[in-house]
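Quick setup: one chain, the form predicted on its own, written in structure tokens, and binding and motion questions come after.
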Amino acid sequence: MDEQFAQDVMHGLSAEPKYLTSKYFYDKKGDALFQEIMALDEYYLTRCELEIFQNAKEDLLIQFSNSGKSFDLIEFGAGDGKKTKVLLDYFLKKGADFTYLPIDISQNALNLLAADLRQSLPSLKLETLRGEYFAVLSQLEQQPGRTKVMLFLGSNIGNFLKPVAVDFLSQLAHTLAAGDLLLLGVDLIKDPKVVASAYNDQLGVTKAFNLNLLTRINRELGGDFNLKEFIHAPFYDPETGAARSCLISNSPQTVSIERINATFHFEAWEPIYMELSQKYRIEELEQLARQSGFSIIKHYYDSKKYFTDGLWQVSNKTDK
């Protein structure tokens, strides 16, 4: 992971425009900051998805178990599992036969999640898996008589450009078997003020979350970023639905990174693109499903229709 981190930083800061990959936000401090973000008043996404799960858990169990069938509940980027625990607790109480397999690149996040679940849900069949999503998923065997149910929640699909989202979901459909399921959490197009506030909170937690990646580069790769020389500048385009976060150099400067033996010059007001949070319309999601080899069974919504969790099924391979 350290070598891949170094390569990705080199590639991103050498690009035009410069960027850093958002998956590297999640070191120990980054994990903690993201927990703070999810609790912010402005950050509606977690509350919306939690509401969906509380209201839809009975129907989701019916869909997942298909009248009593066993299933593996596999989650990409599980984080602290707060929302998923609503489902896990309910499924256990109803006697469902399932195993929970969270996959994350952050060992710290997995350790915290496992410790919490073993205390709060001791009867849960749990196997944590660290690594890149598809590298881990491809190693999981398809068990006869068991359905794979993928969870990709929190609008994490929004971290991808739309063409990349198609590629990601197509690869997922290819890796799964016909009839396997995907529960996909997606943030929907809404009032631009609501979206903008979610990524520019008054307490500055999102700013600290972004700047922490520069701190991580300094610590792990021998960088000399001066955090005071960068400002956090999120912005939202309501036409495309793209919410982006940038760190902008507020003066001409040169940054050195010892581990990759490289220096990078920044002009005044030059950005580093840090994160994309793409918002979707329902029609776009229906097209996305068709393009990537899925069919949509059902959309679940929160009461404000800010967010949806879509239940998708892998199409018959011969139909693709």
Ligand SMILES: C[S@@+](CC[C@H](N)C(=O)[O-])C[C@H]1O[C@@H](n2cnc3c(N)ncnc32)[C@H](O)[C@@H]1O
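Each residue number is its position in the shown sequence, starting from 1. These figures come from a predicted structure and were not determined experimentally.
Just so it is clear, the following notes concern the form predicted together with the named molecule, a form of the same protein that is not shown.
S.K.: Only one of 89-97, 130-138, 186-194, 227-235 gets a heavy atom within 4.5 Å of the named molecule in the model of the complex; which is it?
M.R.: Heavy-atom contact with the partner occurs in 130-138.
S.K.: By the heavy atom within 4.5 Å rule, which residue out of M38, A32, A262, A56 makes contact with the named molecule in the model of the complex?
M.R.: Exactly one listed residue reaches within 4.5 Å, namely M38.
S.K.: If the cut-off is 4.5 angstroms on heavy atoms, which of these, G241, G79, G158, G223, is the one near the named molecule in the model of the complex?
M.R.: Contact with the named molecule in the model of the complex is made by G79 alone.
S.K.: Is D104 close enough to the named molecule in the model of the complex to count, meaning some heavy atom within 4.5 Å?
M.R.: Looking in the model of the complex, residue contacts with the named molecule include D104, since a heavy atom lies within 4.5 Å.
S.K.: Please tell me whether any heavy atom belonging to F294 falls inside 4.5 Å of a heavy atom of the named molecule, as the geometry stands in the model of the complex.
M.R.: The answer is no: F294 has no heavy atom within 4.5 Å of the named molecule.
S.K.: Examine K298 and determine whether its closest non-hydrogen atom to the named molecule in the model of the complex is within 4.5 angstroms.
M.R.: Outside the cut-off, so no.
S.K.: In the model of the complex, does L117 come within 4.5 Å of the named molecule, counting heavy atoms only?
M.R.: Contact with the named molecule, no.
S.K.: Listed by sequence position, which residues of 23-56 have a non-hydrogen atom within 4.5 angstroms of the named molecule in the model of the complex?
M.R.: Read in sequence order, the residues that approach the named molecule (within 4.5 Å, in the model of the complex) are K23, Y26, F34, M38, E49.
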